[in-house]
Ligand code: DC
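Here you get one chain, nothing else, as structure tokens; it is the form predicted alone.
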Amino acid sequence: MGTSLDRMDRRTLVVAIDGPSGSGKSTVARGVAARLGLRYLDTGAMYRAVTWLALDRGVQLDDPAALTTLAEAATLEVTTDPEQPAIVAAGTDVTAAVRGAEVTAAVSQVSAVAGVRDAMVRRQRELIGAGGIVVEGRDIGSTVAPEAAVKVYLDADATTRAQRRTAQDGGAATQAANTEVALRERDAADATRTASPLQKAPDAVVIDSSTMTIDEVVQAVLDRTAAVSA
């Protein structure tokens, strides 16, 4: 007899994974997508791409109207292959560039603009389409795809997240304290913005990954998916 995962219709499945920076959303979402043969969408990369465009074109970050116009007109090409996710902005591959320090420092301000979020949410919903995708971000289960069959809020304590982010960025262990301060500031900015704040959807399952390996978290999401699809 096949498992519920075997029987589910992956073509319409939407798995929403939300959580703060450094909680492991990207790695876990890609792992789940690869295991289930689904597409993968990193919505944060889309906001980072708009931020990169703003910095590249000299758009003032304190000008919501200009940022909204930029986001609405931006040409973004998103690759949803979990093995090789990529994003191209205005013809430039910015997959690596959007992870740079300058973009990271500015993305919270840009993504807090309601017009920018409206523009990106429309595009994200178009990419999700009928389903068959794992989507990660900060407002997926609450705003972008509230109808998602599986909703997970992935969390971890700030110290652990800072250590992970520092290691991911190739920094020295002594930098973790500064990274933790930056993460806490980002958490506060994301949670208190007016437009689509970082929050757990009411029906999302919380997974605290502080003491878990990536494989354990991936399996926990797969288990939740199987339970929902049973």
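Only a predicted model underlies this, so the values are computations on that prediction, with no experimental measurement involved. Residue indices: 1-based, along the sequence shown.
There is another form of the same protein, the form predicted in complex with this ligand; it is not shown, and what comes next is about it.
- Query: So which of 200, 186, 35, 164 reaches within 4.5 angstroms of this ligand in the predicted complex, heavy atom to heavy atom?
  - Reply: Looking at the other structure, the residue within range turns out to be 186.
- From the list 154, 148, 133, 107, which entry has a heavy atom within 4.5 Å of this ligand in the predicted complex? So the residue touching this ligand in the predicted complex, by this definition, is 107.
- Heavy atom contact within 4.5 Å of this ligand in the predicted complex, the stretch among 55 to 63, 190 to 198, 175 to 183, 27 to 35: So the stretch in question is 190 to 198.
- With the partner left out of view, is residue 140 within 4.5 angstroms of this ligand in the predicted complex by any non-hydrogen atom? Looking in the predicted complex, residue contacts with this ligand include residue 140, since a heavy atom lies within 4.5 Å.
- Give a yes/no on whether residue 99 approaches this ligand to within 4.5 Å in the predicted complex, heavy atoms considered. The answer is yes: residue 99 has a heavy atom within 4.5 Å of this ligand.
- Message: Considering non-hydrogen atoms and a 4.5 Å limit, does this ligand approach residue 48 in the predicted complex?
- Response: Yes, contact at 4.5 Å.
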